[in-house]
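This document opens with one chain alone, in structure tokens, the form predicted on its own.
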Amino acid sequence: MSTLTRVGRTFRRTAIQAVPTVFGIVILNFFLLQLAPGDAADVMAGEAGSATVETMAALRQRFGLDNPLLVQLFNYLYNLAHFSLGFSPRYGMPVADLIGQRLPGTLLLMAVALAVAIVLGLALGSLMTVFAGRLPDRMLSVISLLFYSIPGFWIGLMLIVLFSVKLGWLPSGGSGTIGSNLTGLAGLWDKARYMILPALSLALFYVAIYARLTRAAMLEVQSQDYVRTAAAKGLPPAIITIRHVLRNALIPITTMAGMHVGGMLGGAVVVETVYSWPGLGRLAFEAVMGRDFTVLLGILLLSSLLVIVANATVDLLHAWLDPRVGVR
């Protein structure tokens, strides 16, 4: 079976499975959020300092919060069917527009953090494999375990103390210099300076996982018959490592990367709050504090779709890497 055929079958199977998954996520998220105490009207009244019973009733009627639960669910599904995520009572704008403003920042942060985690994890894991059982392997294992054990918010704060407060090399928060009109390479470098610390804070936890996973996968692959056959044929060690050992070791790495997309979205809430990064994570935190469940439902739905797309991409990558995938 050709690679294109295997990839096509994998794509069709994943697409069919995604439809009921998305529908179940939508229903589950809606009912779970209804269990939370309070609503946007309560928060808005609290921020105003006082509100009459009539004012509270008018707010709930305006935003449809006084409707029965099933009616609210029907209205929500009706909006989704018309490609609308609803209207935010707190921000006074459509949820889709609000998410559209924050989504690029989170996607960029996650992409950079995931790339850094995979590259560093593969590099460290390969070094640990080369020196398996010796001192460098043990030292790198301890360092990996250290980053895995430390909470992400503490790593973020320590990076701010070291690189922003003590050394003054990097900014402590934000996404760009306020009021600057930099373009070209200067503008790109300005954005990159604000990206380094948040991406590193988000990536360090996953570097430890990928390093340990790469080490275990490469050690297992090295003991396979086809690797010994390639060595017996006289292939250089570098070619054996890259074309045979590392390629097959990438399968569990890509599997974990797809699963970690959801974890990175959760970690982005902490990182974006620590670094004042304008993204979906910080917006989700603000929506929870403001009981803006319409915004939170939109973020949860989009996050679920991102995780499904990431896992579908991993399945397609597996179909390309391993001929045994996608046969059935």
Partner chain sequence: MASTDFAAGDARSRRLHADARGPAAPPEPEAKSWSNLHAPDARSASAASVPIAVGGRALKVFLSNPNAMFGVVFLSLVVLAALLAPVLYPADPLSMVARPFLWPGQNPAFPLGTDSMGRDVLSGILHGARISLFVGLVATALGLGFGILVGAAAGYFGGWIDDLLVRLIEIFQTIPSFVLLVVMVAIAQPTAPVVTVAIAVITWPTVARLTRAEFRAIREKDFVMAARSLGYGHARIIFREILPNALPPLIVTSSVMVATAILMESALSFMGLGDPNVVSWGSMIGAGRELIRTAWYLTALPGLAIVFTVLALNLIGDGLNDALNPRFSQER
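Note that this is a predicted model, so its numbers are computed, not measured. Positions refer to the first chain, counted from 1.
From this point on, the text means the form predicted together with its partner chain, which you will not see here.
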- Query: Applying a 4.5 Å heavy atom distance criterion, does L35 contact its partner chain in the model of the complex?
  - Reply: yes
- Is there a heavy atom of M56 lying 4.5 Å or less from a heavy atom of its partner chain in the model of the complex? no
- Message: My question is simply whether K166 lines the interface with its partner chain in the model of the complex - judged by any non-hydrogen atom within 4.5 Å.
- Response: yes
- Query: Does any heavy atom of V142 come within 4.5 Å of a heavy atom of its partner chain in the model of the complex?
  - Reply: yes
- Quick one: from A123, L219, V71, L188, grab the residue that has a heavy atom within 4.5 Å of its partner chain in the model of the complex. L219
- Message: Going by heavy atom distances of 4.5 angstroms or less, which of L114, M256, L108, I99 would be at the interface with its partner chain in the model of the complex?
- Response: M256
- Going by heavy atoms within 4.5 Å, which of 114-122, 150-158, 79-87, 189-197 lines up against its partner chain in the model of the complex? 150-158
- Checked 202-224 against its partner chain in the model of the complex; residues with a heavy atom within 4.5 Å, sequence order, are A208, I209, R212, L213, R215, A216, A217, L219, E220
